[in-house]
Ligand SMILES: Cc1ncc(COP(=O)(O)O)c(C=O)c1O
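Have a look below at one chain only, the form predicted alone, in structure tokens format.
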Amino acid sequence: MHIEINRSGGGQTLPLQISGTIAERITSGLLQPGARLPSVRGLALSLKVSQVTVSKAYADLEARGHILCSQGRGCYVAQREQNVRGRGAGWQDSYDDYLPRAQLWRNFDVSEVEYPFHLAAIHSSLLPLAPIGATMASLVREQPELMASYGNFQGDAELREVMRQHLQSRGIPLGSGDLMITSGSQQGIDLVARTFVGPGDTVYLEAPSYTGAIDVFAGRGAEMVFVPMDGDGMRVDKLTAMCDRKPPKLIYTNPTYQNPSGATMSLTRRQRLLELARSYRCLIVEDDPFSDLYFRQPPPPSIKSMDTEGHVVYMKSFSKVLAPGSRIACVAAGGNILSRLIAAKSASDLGSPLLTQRAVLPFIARKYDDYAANLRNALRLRQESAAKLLKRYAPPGVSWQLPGGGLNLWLELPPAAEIGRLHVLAKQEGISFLPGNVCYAGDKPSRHIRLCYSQLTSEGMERGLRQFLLLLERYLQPPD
């Protein structure tokens, strides 16, 4: 089992680093119930640490209920079930991989539940699937040669120009060569991490943060430091003090209708964050999937719009609000930073599919702004309906703040709530939500859950949310 550990003495102790990584592998399903863990001696040799260190890590895991240890038999993942892998597959448990955590892949399975509130997505009835699909069908009929071409590693030139104009209309000045098309923002995050982040590098993120970004940075062996937030987003004053002790290699932020909290970073903090990046000569990754989804007032200008020295790598997802299956986003960066990202992308996938790039191009060029205005109105009505249900049915001790846009609600539950147990009970009723602990690293406990109000029809959302809130009320009732 490969575990990236930081021996510099900062942050967590070695036993907690080891137990935290193993706990995340268990909760994400990479280590299944009944899987046997390496022996204390074997893992100590593999990680070049003492057996006492591994023993402490295993003791911590057992105390938290993640594993069961037996003298003479070893340690196993708790809640052991019958092994369903097939005869002879046991060797796979001891076959090393380099995935320290993988929570994101668990968040996209909607087959088990009727009300998938865990998935931050937009219902298909609100998306322009018909016009984009018609364009794609026409391209297949009339230009089948597109399927025989790799296209440009940087992305289709015409689509890049349309996206450049789109961002320029939102205050982001870019040259014609300052954009790259990626297969969603997730690939953009991965390319930045693969190119600029290595083991032990310090990456700062909001607390909480986007699960997919945490997975990527953990996979690079980064030391992730989480910065507290309030209603105005990341506490840049706290970040400044943290950076004095541990200089950043990279700062990741989702500053507008943040996923999962919904908070929006103020203009003043955006300016201070950029000043901080200048002083430490580091990168800011500005992940911006939701800024077009404001409900009343537009959000503050992007950090990238104020960047004159190339410190900000800006990511804008278009597939999130148009057609998630098309996997289309753009990454904006300057000079040598972008050229290195293009090189990384060429090695990753030889360029995003040309057919899907051409399929979304006419819609973004001619219809996007009108569509976005209608989508904002529809999502605002969904949020208002959800807010009324929360006000009527949420039990005492449950709190939330309504964000000014985006797709999600971030609920804080009372201290007595055991969210893992609630998650199991909700799934039994066909309801899912995103537990807040996956929005941190190191298996950190959380009293929050994320609910998405846009994944279902209006009627389905209202029905499912009411059912969940009634379940929550029953769950939180004190025993007689």
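In this text, residue numbers run from 1 along the sequence as written. Since this is a predicted model, take the numbers as computed values, not measurements.
Unshown form predicted together with this ligand; subsequent notes refer to it.
Phe290 belongs to the set of residues with a heavy atom inside 4.5 Å of this ligand in the model of the complex. In the model of the complex, this ligand lies within 4.5 Å of some heavy atom of Ser319. Contact check for His166: no non-hydrogen atom falls within 4.5 Å of this ligand in the model of the complex. In the model of the complex, this ligand sits within 4.5 Å of a heavy atom of Ile189. Stretch-level contact analysis of 347-355, 177-185, 380-388, 144-152 against this ligand in the model of the complex, using heavy atoms and a 4.5 Å limit, identifies 177-185. For the candidate set Phe117, Tyr252, Phe217, Tyr314, a heavy atom within 4.5 Å of this ligand in the model of the complex is found for exactly one residue, namely Tyr252. Of the listed positions (Arg194, Arg269, Arg327, Arg160), a single one reaches within 4.5 angstroms of this ligand by any non-hydrogen atom in the model of the complex, namely Arg327.
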